[in-house]
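In the block that follows, a single chain appears as structure tokens, in the form predicted alone.
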Amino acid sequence: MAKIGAVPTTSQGVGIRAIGRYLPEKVVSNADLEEILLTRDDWIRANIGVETRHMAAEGEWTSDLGTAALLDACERAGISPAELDLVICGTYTPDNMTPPTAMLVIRKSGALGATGFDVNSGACPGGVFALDIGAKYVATGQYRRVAVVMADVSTRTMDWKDPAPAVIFGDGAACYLLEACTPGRGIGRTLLRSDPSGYESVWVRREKRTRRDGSALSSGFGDNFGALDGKAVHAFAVGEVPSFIRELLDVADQATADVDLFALHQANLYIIQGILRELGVPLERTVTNIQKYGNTSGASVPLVLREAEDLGRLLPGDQVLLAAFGSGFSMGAALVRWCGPEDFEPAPVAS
């Protein structure tokens, strides 16, 4: 068995065998937000593109969302959670500071025997950062089947007097199920980058806050509240992400014309359109769901992939470009040659 961090000794690829998802039942419309925030439905649609978003129920936490997404991925792959070897939970909203939320996902899903840990790669960028970590564990041969669970309850970080983050974010979860695949298929070149000059542009800030009547205010995480500078995020995303994507394509000796689907983080509908415009890529080569889900943080990119697959927009052999960006500022992009069922190794037969 290869050591952690070793170069794989085989030419196998690492593929996404299935993507599970979960959106909480409660749907919050822009009209609902008008009742509690100084905002308007027409302004949200015109500036952000969100129409509805999902919100976790009282008592429903990150591990619950993540467990549901993991179970959905296992069902789509036709396997039992007990067959998982490693569970990585990408989140910035853990159920508790310790132990890792991944351990609760393992317990609640019945993936007993799996190893688990959490990754906090800055919320939204986690859709690529955490995927890259999981893929490397499969590539080394240390773990055969890895679940990368992306889950956040972003609405629990809200100060409902502050419309800037509150109109954008929704709760949700997705799960990449990773396995070894046919050489030449699966996850290819990946590029990660962080620019800490944007640290305070989108973050969960620790500070004392009060209600309008002057009494102490707490979020679901105590004195921690989501905050963002929308103009700074827009400038960063539209100004930096296109060149970052081109850099990845250049390294992989690819061009935008070689990409069948662009799966972009759902930060803002107009940011997505701006990135594609800078790349010279028509909107027909992406799928968006921010209109109905809002910004679901690290789950955003895998939710786009799942939706594209369900719509028949993502087929075996397609070249897909994943790009996630946000808090930090951090960016992650990856090329994936999409797999079909025939690209995965059969399960070993017990002797």
Partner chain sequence: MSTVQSDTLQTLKEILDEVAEIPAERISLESSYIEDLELDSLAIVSVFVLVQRRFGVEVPNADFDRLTSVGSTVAYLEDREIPA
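A quick note: this is a predicted structure, and the numbers were derived from the prediction, not measured. Numbering follows the first chain given and starts at 1.
Beyond what is shown, the protein has a form predicted together with the partner chain; the following relates to that form.
Student: Can you work out which of D310, D318, E34, E51 has a heavy atom no more than 4.5 Å from the partner chain in the predicted complex?
Tutor: The residue in contact is E34.
Student: Could you check which residue among V167, V119, L248, L279 gets a heavy atom within 4.5 Å of the partner chain in the predicted complex?
Tutor: Answer to the contact question: V167.
Student: Examine P163 and determine whether its closest non-hydrogen atom to the partner chain in the predicted complex is within 4.5 angstroms.
Tutor: Yes, contact at 4.5 Å.
Student: Do R285 and the partner chain come within 4.5 Å of each other in the predicted complex, heavy atoms counted?
Tutor: R285 lies outside the contact set for the partner chain.
Student: R212 versus the partner chain, in the predicted complex: is there a non-hydrogen atom within 4.5 Å?
Tutor: Taking the distances in the predicted complex, the answer for R212 is yes, it comes within 4.5 Å of the partner chain.
Student: Within 4.5 Å, heavy atoms only: does T39 come near the partner chain in the predicted complex?
Tutor: Contact with the partner chain, yes.
Student: If we take heavy atoms and a 4.5 Å cut-off, which stretch out of 294 to 302, 22 to 30, 42 to 50, 310 to 318 is in contact with the partner chain in the predicted complex?
Tutor: Contact-bearing stretch, as computed: 42 to 50.
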